[in-house]
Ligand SMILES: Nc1ncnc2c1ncn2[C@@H]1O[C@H](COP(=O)(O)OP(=O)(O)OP(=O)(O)O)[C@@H](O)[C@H]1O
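Let's start with one chain on its own, the form predicted alone, as structure tokens.
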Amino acid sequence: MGATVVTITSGKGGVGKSTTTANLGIALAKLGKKVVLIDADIGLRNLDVIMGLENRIVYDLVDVVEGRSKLRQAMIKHKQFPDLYLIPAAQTRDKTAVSPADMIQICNKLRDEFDFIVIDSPAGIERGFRNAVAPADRVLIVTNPEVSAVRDADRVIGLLEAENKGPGEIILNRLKMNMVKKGEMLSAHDVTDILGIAIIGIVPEDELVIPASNSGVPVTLNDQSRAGIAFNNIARRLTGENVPLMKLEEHTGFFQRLARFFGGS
């Protein structure tokens, strides 16, 4: 059957898209899956830093497309997981160096060898977005529970429909329950009402995420991190497991209400 290509995208920058990509890659590898991550954010790569692989880059995605490197030469093996690889983005080129057809061809060459190909899309809705979604079997849209981010996610949903890649699924990142309870932040229910598509995961605000990303050790590897647990659960859902959404707050009725809304998944 070959690999499932999962593109991680967003309409707005700074919502945690690359962090999500890195953590889902680690989480899938922990489940025993063969995974390759592709950084499609040409000119602004940072997935290598989050993965702790920045010092091991020799060739990048554009080198492969332009024939200076074979695909295997550009693939960097993770230090801890032998079946997890990264193909980094080029830092000195722009997004026009790669086409949607190039991305489809690269993914087709990888499908037989891997279980999952996870693509980190650049933020926004221009050429880089089209490159990243062209080979996708599933698209996960990362958004924060704030009006501007959700509005941008809504634009992405419309573009996915136009590309016949919709409707996509939402990862709601950096949810703060205390602010939701005060009415200062959108709830998961609010977001699904606005966007009209399913949530595949809710990641709570977690102070461990930033230092983990800066150190090159994604938070998914920290069993004490609630965000890490959430990313692990999203990975399990991607493999077909029926995993309930994390209980974010005791004794508020929030989780029960959310579970009813999504049928407990």
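Note that residue numbering follows the sequence shown and begins at 1. Note that the coordinates shown come from a computational prediction; the quantities given were computed from them, not determined experimentally.
Another form, the form predicted together with the named molecule, is not on view; read the next lines as being about it.
Heavy atoms within 4.5 Å of the named molecule in the predicted bound form belong, among the stretches 26-34, 200-208, 59-67, 233-241, to residues of 200-208. Contact with the named molecule in the predicted bound form, judged by any heavy atom within 4.5 Å, is made by just one of A123, A149, I76, M103: A123. Residue contact check for L245: none of its heavy atoms lie within 4.5 Å of the named molecule in the predicted bound form. Under a 4.5 angstroms non-hydrogen atom cutoff, the named molecule in the predicted bound form has N173 among its neighbouring residues. Contact annotation for 14-32: residues with any non-hydrogen atom within 4.5 angstroms of the named molecule in the predicted bound form are G14, V15, G16, K17, S18, T19, listed in sequence order.
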